[in-house]
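One chain comes next, on its own, written out as structure tokens in the form predicted on its own.
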């Protein structure tokens, strides 16, 4: 036989295409209490079920395996509490943001609270997040014991620690990512370190900060420190963290927990 080979007809899903996205919303939520031990994969399942229970008209991607139009930004590591987690959701019908916040908050379990819902103000929420504000609580230590180690780490400019992951060993530059840090005495005999950490690749996690303080200055706390993410946003030229959801990207004010 001779001649040109026949072109295969491209397969397409049955039925009409899904409705388009007509509204994009940015959402800030918390992950605290026992649910901080929930993995990000588990949380995505919980949130998608909550969207269904809340009867929100979430838009879906086209194709043979459509997915809900939900994008996650800078999720905190498993086991770490956060008051500032973010996601973007695309809806196929317009709903008031306050109504979305109310419905989702009722559908989610305690310790996963929807704090704020706002109309998307730019092409990508991820582009407005390049740093996090963290609070590290060192039980059994005074501020004077932690402060010299933090000062030594800041003075290095660059300080790398090694992290063992499922895919092998990774070098994490904690010194370069640490934008600022302050240490004060807290209640109940503890030192509280508040720090702004730039997002880098690989991302600096709380365990990396503890390892850097140990390696650079020999700081070994008597008990495992407790980390809490207070905020996420973008750094301005003066080193302040700007709110990613606010219209004019206002400076983030400390939360009551901080």
Partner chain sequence: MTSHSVFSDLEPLLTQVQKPIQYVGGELNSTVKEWESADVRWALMYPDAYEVGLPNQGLMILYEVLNERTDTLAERTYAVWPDLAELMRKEQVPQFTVDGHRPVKDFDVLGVSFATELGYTNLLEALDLAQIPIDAAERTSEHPIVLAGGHAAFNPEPIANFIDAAALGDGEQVVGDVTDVVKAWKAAGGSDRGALLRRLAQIPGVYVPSLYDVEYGPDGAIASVTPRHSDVPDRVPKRTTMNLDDWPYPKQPLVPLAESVHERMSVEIFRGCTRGCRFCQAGMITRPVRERSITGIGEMVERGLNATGFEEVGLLSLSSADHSEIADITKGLADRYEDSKTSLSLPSTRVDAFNIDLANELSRNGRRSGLTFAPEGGSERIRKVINKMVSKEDLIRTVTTAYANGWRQVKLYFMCGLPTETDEDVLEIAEMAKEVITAGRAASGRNDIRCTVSIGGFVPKAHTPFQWASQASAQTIDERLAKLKAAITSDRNLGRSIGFRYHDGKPSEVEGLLSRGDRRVGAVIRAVWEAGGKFDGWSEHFSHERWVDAAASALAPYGVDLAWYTTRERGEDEILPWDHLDSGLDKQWLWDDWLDAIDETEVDDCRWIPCYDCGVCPGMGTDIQIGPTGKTLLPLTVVNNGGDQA
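Positions refer to the first chain, counted from 1. None of the values given here were measured: they were computed from a predicted structure.
In what follows, reference is made to the form predicted in complex with its partner chain, a form of this protein that is not presented.
Practice item. Go through 109, 140, 157, 148 and name the one with a heavy atom inside 4.5 Å of its partner chain in the model of the complex. Key: None of the others qualify; the residue that does is 109.
Exercise for review: Name the residue from 38, 230, 190, 216 that puts a heavy atom within 4.5 Å of its partner chain in the model of the complex.
Suggested key: Contact residue from the list: 38.
Review point. Can any non-hydrogen atom of residue 220 be found within 4.5 angstroms of its partner chain in the model of the complex?
Key: Because no heavy atom of residue 220 falls inside 4.5 Å of its partner chain in the model of the complex, the answer is no.
Review point. So in the model of the complex, does residue 73 come within 4.5 Å of its partner chain, heavy atom to heavy atom?
Key: Although its partner chain is absent here, residue 73 would stay clear of it in the model of the complex, with no heavy atoms inside 4.5 Å.
Check your understanding: Can you check whether residue 210 is within 4.5 Å of its partner chain in the model of the complex, heavy atom basis?
Key -> No, no contact at 4.5 Å.
Check your understanding: residue 103: heavy atom within 4.5 Å of its partner chain in the model of the complex?
Key -> Contact with its partner chain, yes.
Point to revise | Proximity to its partner chain in the model of the complex (heavy atom, within 4.5 Å), stretch among 179-187, 95-103, 81-89, 120-128 | key: Result of the contact check: 95-103.
Point to revise | Sequence-ordered list of residues in 189-204 near its partner chain in the model of the complex, where near means a heavy atom within 4.5 Å | key: Heavy-atom contacts within 4.5 Å come from no residue here.
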